[in-house]
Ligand code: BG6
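Take a look at this single chain in structure tokens; it is the form predicted alone.
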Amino acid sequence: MNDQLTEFPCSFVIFGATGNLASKKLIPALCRLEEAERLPDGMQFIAIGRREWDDDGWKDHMRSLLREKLQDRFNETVCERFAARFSYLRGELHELDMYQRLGAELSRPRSGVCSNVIFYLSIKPTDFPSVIKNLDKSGLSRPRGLHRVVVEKPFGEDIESAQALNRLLHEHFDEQQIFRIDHYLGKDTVQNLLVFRFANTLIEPLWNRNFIDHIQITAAETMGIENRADYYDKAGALRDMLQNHLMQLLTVVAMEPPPVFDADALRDEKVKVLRSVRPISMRSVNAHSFRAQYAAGSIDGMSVPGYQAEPGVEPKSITETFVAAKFYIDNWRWRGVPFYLRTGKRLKEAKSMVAIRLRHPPQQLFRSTPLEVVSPNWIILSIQPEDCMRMEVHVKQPGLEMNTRVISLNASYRREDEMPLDAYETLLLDVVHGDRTLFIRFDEVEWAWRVVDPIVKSWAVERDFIHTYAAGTWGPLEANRLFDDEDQDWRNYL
């Protein structure tokens, strides 16, 4: 690792500090790190936004935001200590003058002697090139190899734009300085999955095509687009969720054990998975993928509008808010096992999980008893709303007849007195420490785009029609056509 990256940065610059992502995730996570006293003493924050605020206006906004987001965990003393680290800079991302003022703010004398800076791009992907170029024009990307730049997903909107963005980044930053963030990789359950698989001799022998029927990866949301139409109507669920979050989960579930537990060894194995995904031909896109858009419906007893009625959405938009896809990994471990990926907005419940269905026993031992058909066993890895790992098995019910019930062997690892660590807290600490283990290398991004590129290109020319589903349901029934067998169905419960 570059020695300069082992030093704690003194400055943390947040581009898009007033936006949705910073307000919901970034600022609350940083405040929780402040409460835990995990931030370096001399670190200062510079929030950049377009609103007409001074430092006091920004801090008032932040206090109100943290009260709302942290609720019972809100601590006035911690909030004031955290707010004291901040200054606010108003400006437009495309104006060079703003970067010159940022340079002057960064050069003001402060405690500490380090000069490292974290530039966090909490902005629309279309604004990434403008920020990167202006950081260079203003001299803020120099000296090369010193600072860190954090790039949010999606990284590009197709394979060509991802490659162009990567070339632009490498014109001004070394690979060691670039942190491509996917917050799903910071979630405890995703990290624990590696331990669950590779540290337990009970589990690893089952983790292959001989014992597993199929695997489902689901990321369901009840919320809509939350006033992000300018971004979402161009991205859609495929770019926003499946190409990054769900493909990353697929690689963690399917990867081989790395020779050592370090950043490059882990990412080498993940890339091998993506390179082994069976290519989807243009004529078979409809057999491997399905898209739909939410219509008006009800969430938690409250009526919600359909996607096309959301503010800022283009009239008659066919942007997908639901996508399901089927992939095969053609290697020794997974040949013939379908991986079903599904994500959507305005679904019945907010839930993210990996559901692994095991194969039926080879002998129908109980066919002459009341237990003629045995439901399959499942391994469930819940990412949210709760972190847990469970294995379902059959046991005989008490009594004379041969009837069974399913019980859950609970491998949940968090005790009641242990507070969960938010994914952003984990990843932000890693950025501060210069640890890139849970961040994405560009070849991962590139191969993930190669996997979904046929779907992107096919949907780009199919602009006349899109299926719909009522908000508050589990999505369109037509998505079931992706299943290989009639006895396969979506797993919607933990």
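Since this is a predicted model, take the numbers as computed values, not measurements. Residue numbers run from 1 along the displayed sequence.
Although not depicted, the form predicted in complex with this ligand is the subject of the following passage.
Within 4.5 Å of any heavy atom of this ligand in the model of the complex lies no heavy atom of D188. Heavy atoms of N208 never reach within 4.5 Å of this ligand in the model of the complex, leaving it off the interface. Among heavy atoms of M241, some come within 4.5 Å of this ligand in the model of the complex. This ligand in the model of the complex comes within 4.5 Å of a heavy atom belonging to Q384.
Only one of 178-186, 251-259, 69-77, 82-90 places residue heavy atoms within 4.5 angstroms of this ligand in the model of the complex, namely 178-186.
The contact with this ligand in the model of the complex, taken as any heavy atom within 4.5 Å, belongs to K153 out of R291, K326, K153, H214. Note on the partner interface in the model of the complex: the residue among K133, R228, H360, R390 having a heavy atom within 4.5 angstroms of this ligand is R228. Annotation for 310-346: the only interface residue with this ligand in the model of the complex is K345 [heavy atom within 4.5 Å].
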